[in-house]
Each structure stands twice: as C-alpha cells, then as structure tokens.
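Shown below, as structure tokens, is a lone chain in the form predicted on its own; questions about how it binds or moves come after it.
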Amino acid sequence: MSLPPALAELVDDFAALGPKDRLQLLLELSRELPELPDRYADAADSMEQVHECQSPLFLAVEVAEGGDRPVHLFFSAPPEAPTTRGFASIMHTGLDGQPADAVLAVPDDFYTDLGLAEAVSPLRLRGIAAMLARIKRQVRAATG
C-alpha cells in the first residue's frame, strides 16, 4: 500500500489500538481539525458538500502551482459531529501538504486498515471513502 508518511503513521497508530481506543483516538482527532480560513467562511457556498456523510461536511481542495503541486485540504463539519470531524481530521493530518501524485496514489480502501469497522457503522465508513474520492477528483481536475 502506498501511503504518504503522515497517513501511514495514522494508520499504524489506529492499527496498534483495540476497538474502544480507536474510537477514542478518532474523537481526539475530531478536536484537532483546524479552523477554516476566512475565504471559506461561507462553507455551504464556497465548498463541496460530501453528501455521503451522515452529518453535514464540506470540503475544499487547493492544489498549488509548481513543484510537486502540494495539496491543501479544508473541512467544515459541526462540532456535534465528532465522527465526521474525526474522519476529516484523518484526511487533513494525513494528506494536507502532500504532493498531488501522492494523494492520487492513496488506495481507495486505505481506511479499512484503520480498523474502525469494529467501532463505527459501515454507513459512516462510506463517508470517509466519499471524502477521499472527492479529494482525488478535485486534485485530478486541478492537475489534469
């Protein structure tokens, strides 16, 4: 599996824990999701909604010009949706600042190695898969 180093470290962290501790780590990550910059203050108008998430989640993807085209990710999710925020934080921690090629090379099912299937519903896991799919689509559109 080809994962950027920060995402690989997160996967290893989750894999080393039992189901209850994985859920606790997901909740801790939910509190680390960065605030949005002012340019995305009107999230519903300026960001893409991930409809597959059970809670409202919006994302924006920026791909810098030049070099290895680093990708920057921005997420908006309500504080009362910690699982959704935790998934967004996994994506932000693992992929923000990574080269576009590295983001596109992340396996679509990488999240299965987090071991969260024992802690959250399959419906919720579909949300993280949808986030990655939309991130990749936006990166392809920006680099194509």
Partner chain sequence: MAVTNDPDPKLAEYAHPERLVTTSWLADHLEDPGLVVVESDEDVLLYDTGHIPGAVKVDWHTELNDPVTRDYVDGTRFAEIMSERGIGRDTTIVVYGDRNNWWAAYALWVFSLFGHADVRLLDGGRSKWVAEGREMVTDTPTPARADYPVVERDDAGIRAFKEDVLDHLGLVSSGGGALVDVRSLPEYTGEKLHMPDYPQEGAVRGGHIPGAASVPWARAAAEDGSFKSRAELAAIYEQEQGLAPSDDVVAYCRIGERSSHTWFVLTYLLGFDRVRNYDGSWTEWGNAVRVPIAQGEERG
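Numbering follows the first chain given and starts at 1. Just so we're clear, the structure is a prediction, and the values are computed from it rather than from any experiment.
Although it is not shown, the form predicted together with its partner chain is what the next lines describe.
Q. With a 4.5 Å heavy atom cut-off, would you call Ala15 a contact of its partner chain in the predicted complex?
A. Answer no; every heavy atom of Ala15 is more than 4.5 Å from its partner chain in the predicted complex.
**Q.** in the predicted complex, Thr83 touching its partner chain (heavy atom, 4.5 Å)
**A.** Judged by the heavy-atom cut-off of 4.5 Å, Thr83 is in contact with its partner chain in the predicted complex.
Q) Using heavy atoms and a 4.5 Å limit, would one call Pro56 a contact residue for its partner chain in the predicted complex? A) Because a heavy atom of Pro56 falls inside 4.5 Å of its partner chain in the predicted complex, the answer is yes.
Q: Answer with yes or no whether Ala119 is in contact with its partner chain in the predicted complex, where contact means some heavy atom within 4.5 Å.
A: Contact check for Ala119: yes, within 4.5 Å of its partner chain in the predicted complex.
Q) Ok, Glu62, Asp101, Glu48, Asp113: which has a heavy atom sitting within 4.5 Å of its partner chain in the predicted complex? A) When its partner chain is considered in the predicted complex, the option within 4.5 Å is Glu48.
Q | Sequence-ordered residues of 122 to 137 touching its partner chain in the predicted complex, heavy atom within 4.5 Å | A | Contacting residues: Leu123, Arg124, Arg126, Ala133, Arg134, Arg137.
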